[in-house]
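Single chain ahead, written as structure tokens, the form predicted alone.
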Amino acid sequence: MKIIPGNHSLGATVHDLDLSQPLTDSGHQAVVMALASHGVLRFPDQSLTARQQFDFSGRFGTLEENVAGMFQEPGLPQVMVLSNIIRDGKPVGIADAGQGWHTDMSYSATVAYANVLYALEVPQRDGRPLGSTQFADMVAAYESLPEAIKRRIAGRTATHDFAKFWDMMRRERNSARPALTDTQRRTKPPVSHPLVLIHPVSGARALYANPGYAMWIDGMDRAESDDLLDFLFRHQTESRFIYTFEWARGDVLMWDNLRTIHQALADYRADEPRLIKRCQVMADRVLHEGRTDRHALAAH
């Protein structure tokens, strides 16, 4: 394979790797190291079945079944369908996934390592692609924090809640997604994670508090917590940290949830079709292979 970095701290394109074929051990390791180095990897010109996407993604960790339980590939519930397409009067996928800054699975006791998304339809207008995905580099965001803020968050944890993002989409974005049931809320109760993670592959420190799911800083006065989180949220989404990825049909995009936060841009209309299939790779394997665990990720 050939890896071509972009001109941002995030993003590289991986050429000459057919993801429909099983990864060799050396290929797997090369992807792990490239993901740690670049945070976001594009594999262009792919042609995958849902099973092949599942198999590629599963090399990197356990694949999650989304708690919402909606729009899953038949027979492969770990492959989720993201789409604004309506067929026979019914949506084929979730239409408004990821529309706000967040880190997937920070609301889970075992956090996410990587996302693997495969684009089958990309909306176009006047010859330009729509529905880009934006990423912000949390290693760069942490490194550029004032030293006084680094000291304030050292050793601290924050509580994350799945319902925060879901309820925000219903309340503020007029989302058609249904209200969470009590069972769904019990399935993903709030959890705490360190505000600063040490990446199990690169060893770099990364800020781990995102606007989508972080609720408050544990053990801190609520007003002080709100002020500090507001500062961190504004800081981490400054333009200097942001990389915008423009999709093309056949792209597979893989990104590191321990290194980045992301959001989907909803700049396309209902008659401009978008169809993407998604796998969520949990961090169980990468943490084990790094001979560490979630609690050992806390930076002091």
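We number the residues from 1 along the sequence you see. Fair warning: this is a prediction, and the values are worked out from it, not measured in the lab.
Another form, the form predicted together with N-oxalylglycine, is not on view; read the next lines as being about it.
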Heavy atom within 4.5 Å of N-oxalylglycine in the model of the complex: which of Leu63, Leu232, Ala264, Ala50 fits that? Just give me the one.
Ala264
Under a 4.5 angstroms heavy atom criterion, identify the one residue in Ala140, Ile153, Leu197, Leu117 near N-oxalylglycine in the model of the complex.
Leu117
Is there a heavy atom of Arg205 lying 4.5 Å or less from a heavy atom of N-oxalylglycine in the model of the complex?
no
Please run the contact check for His102 against N-oxalylglycine in the model of the complex: heavy atoms, 4.5 angstroms, yes or no?
yes
So in the model of the complex, does any heavy atom of Phe56 sit within 4.5 Å of N-oxalylglycine?
no
At 4.5 Å between heavy atoms, is Thr133 in contact with N-oxalylglycine in the model of the complex?
yes
From the candidate stretches 256 to 264, 24 to 32, 39 to 47, 235 to 243, select the single one in contact with N-oxalylglycine in the model of the complex, where contact means a heavy atom within 4.5 Å.
256 to 264
